[in-house]
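Given as structure tokens, the chain that follows is alone and in the form predicted alone.
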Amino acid sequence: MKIGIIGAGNIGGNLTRRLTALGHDVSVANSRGPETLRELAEETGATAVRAEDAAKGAEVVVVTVPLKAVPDLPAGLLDGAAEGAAVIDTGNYYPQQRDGRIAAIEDEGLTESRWTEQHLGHPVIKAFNGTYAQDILDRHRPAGDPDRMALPVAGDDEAAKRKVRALIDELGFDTVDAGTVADSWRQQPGTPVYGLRAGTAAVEKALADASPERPADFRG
């Protein structure tokens, strides 16, 4: 499968490592240009590209950049993606630590992923946002393993969600359907499922136990 990854930080870098190892055709980009990704490309066999080229022909596009950087992504970023492409949003809102206050999230009640998809002009599937980057490399397990972790996945496009859940299964993790993008607050920072290393039943319970009240540490 052709996959584009926009953002080569901890999550983006480790997804590049695992997905290339699984045989996928990965293009990876960051904000500083492909020449800065030479080592990652040599290590993994991925193709380092400019951000505006990362989605070309891709069936899955992973957007894994700081939330404050989403509005600065190139216009038409997803125009060249394959028809029916699934766009994964791994982002989180950290107003005090990194992103500053975003009024649409704080005052209008938009979920982080709804705000992101409005800027991208494309539906997104929220996944990997509460996953430790190192776990992508170290904690994958075969299907049926009692220690297999489960990841919550939220989104409005059911076909895209199925595609993302199948890819996560291939990466070695179970998934739990966390509902729509409007429901994705259940997996935002400060919720019980955020950073949870557990199986399906525990993830389902954590999602059910979430409160819509954003914790003080994650308010601007």
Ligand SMILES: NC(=O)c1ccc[n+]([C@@H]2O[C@H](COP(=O)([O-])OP(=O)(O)OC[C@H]3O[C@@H](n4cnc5c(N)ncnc54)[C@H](OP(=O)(O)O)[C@@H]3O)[C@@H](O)[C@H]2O)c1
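Don't overthink the numbering: it's just position in the shown sequence, from 1. Computed from a predicted structure; not experimentally measured.
A second form of this protein, the form predicted together with the named molecule, is not displayed here; the remarks below concern that form.
Novice: Have a look at 30, 27, 188, 175 for me and say which one sits with a heavy atom within 4.5 Å of the named molecule in the predicted bound form.
Specialist: Of 30, 27, 188, 175, the residue with a heavy atom within 4.5 Å of the named molecule in the predicted bound form is 30.
Novice: Three residues, 88, 113 and 211; all within 4.5 Å of the named molecule in the predicted bound form via heavy atoms?
Specialist: So, no: the whole triplet misses the named molecule.
Novice: Among 141-149, 101-109, 67-75, 117-125, which stretch has residues whose heavy atoms lie within 4.5 Å of the named molecule in the predicted bound form?
Specialist: Only one stretch passes the 4.5 Å heavy-atom test: 67-75.
Novice: May I ask you to state whether residue 51 is within 4.5 Å of the named molecule in the predicted bound form, using heavy atom distances?
Specialist: Because a heavy atom of residue 51 falls inside 4.5 Å of the named molecule in the predicted bound form, the answer is yes.
Novice: With the partner left out of view, is residue 3 within 4.5 angstroms of the named molecule in the predicted bound form by any non-hydrogen atom?
Specialist: Although the named molecule is absent here, residue 3 would stay clear of it in the predicted bound form, with no heavy atoms inside 4.5 Å.
Novice: So, in the predicted bound form, is residue 200 in contact with the named molecule at a 4.5 angstroms heavy atom limit?
Specialist: Heavy-atom contact with the named molecule at 4.5 Å: absent for residue 200.
Novice: Since only the chain is shown here, I'm wondering whether residue 11 would be in contact with the named molecule in the predicted bound form (any heavy atom pair within 4.5 Å).
Specialist: Residue-level check for residue 11: yes, a contact with the named molecule.
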